[in-house]
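Starting off, we have a lone chain in the form predicted alone, written out as structure tokens.
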């Protein structure tokens, strides 16, 4: 039986860095003998090679996005860049979202797994077994090598969504507590009726869930990819599926009303030295983990009752202006601005000054103001769920507020 590790993602990730380096070095063409390299850092020539590949991969996935949908993990240098820079980031993204599930998953299916950061994150979060599925044989080989190095119970299967092979064929008759899709959906069917086809794939994945299970989709925190995920979210909601996180609003996503809006999560991190080293070499900074994500409940499960009181999830960074602090919040009644003037700060509402994107708060003593609500001296602010923690459900039968958007 697998013994759970300490519930600290950074602690767990530190154990993976030497394994990632070892697997990369084993598969690196042109590796040469000589001085034994350090197990947790790159030699100068290695740093130059991987840093250049990280920069190329970043450009190809975030600017013109010419690599999105391409088979970049089949290319040795780009797979190395992914293993040593993006794998740790994806691992932390997975740990930060799996922590919001209402229960610990036992059996996990990771679709579009690459070399397995989502699957291994689930195992470190307490899962007993995981199955990784991807179209890249090279990436799956790296995942198997990592599993051997760590003694992890990871299975691997080939899966190519372009071939339209039913997902059921990956593990006939099996049902999973968690199905994950990390940075996969945005790369599928671009410009080919993409929203509907992506929603169909997610519905097929939902049918693989055991009762009480969850589908977790993690996407880049770019405006276009975030909005694309929100459109797919709306299609799933319209088809009767319930969202566990991050949404408290049950209607069409209000962030889609304006082209300039999108919704993403952010978690501050102290990145591993290897990631910092590579980021510097590639001209990138990783002081926070940013992602857009969606957790959908198994078919037939309804929305959780909203927490009691007037609650909002903070969906922006702090927005200070002269004499005032403002955030955007999204809750059961919709998306709106929340503002507090400095002169109205009291012990009861002072928590407003240190909120993080993703925190769920309860406010009292507020009044309508402009496009949102204003807090005053009579207001109170309570953090119901810090970012990355499950939102407590309200009493059974608690209705969600009725809004014009529903």
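Residue numbers count along the first chain shown, from 1. Note that the coordinates shown come from a computational prediction; the quantities given were computed from them, not determined experimentally.
Below, we turn to the form predicted in complex with a small molecule, even though it does not appear here.
Visitor: I'd like to know whether residue 112 contacts the small molecule in the predicted bound form, with contact meaning heavy atoms within 4.5 angstroms.
Guide: Contact check for residue 112: yes, within 4.5 Å of the small molecule in the predicted bound form.
Visitor: Is there a non-hydrogen atom of residue 90 within 4.5 angstroms of a non-hydrogen atom of the small molecule in the predicted bound form?
Guide: The answer is yes: residue 90 has a heavy atom within 4.5 Å of the small molecule.
Visitor: If you check in the predicted bound form, is residue 135 within 4.5 Å of the small molecule, heavy atoms only?
Guide: Heavy-atom contact with the small molecule at 4.5 Å: present for residue 135.
Visitor: Should residue 262 be classed as touching the small molecule in the predicted bound form when contacts are defined as heavy atoms within 4.5 Å?
Guide: Because no heavy atom of residue 262 falls inside 4.5 Å of the small molecule in the predicted bound form, the answer is no.
Visitor: Only one of 145-153, 82-90, 191-199, 298-306 gets a heavy atom within 4.5 Å of the small molecule in the predicted bound form; which is it?
Guide: Going through the listed ranges, the match is 82-90.
Visitor: Just one of 244, 267, 183, 233 has a heavy atom within 4.5 Å of the small molecule in the predicted bound form. Which one?
Guide: That would be 183.
Visitor: The small molecule isn't shown here, but in the predicted bound form which of 161, 272, 96, 279 has a heavy atom within 4.5 Å of it?
Guide: Of the listed residues, the single hit is 161.
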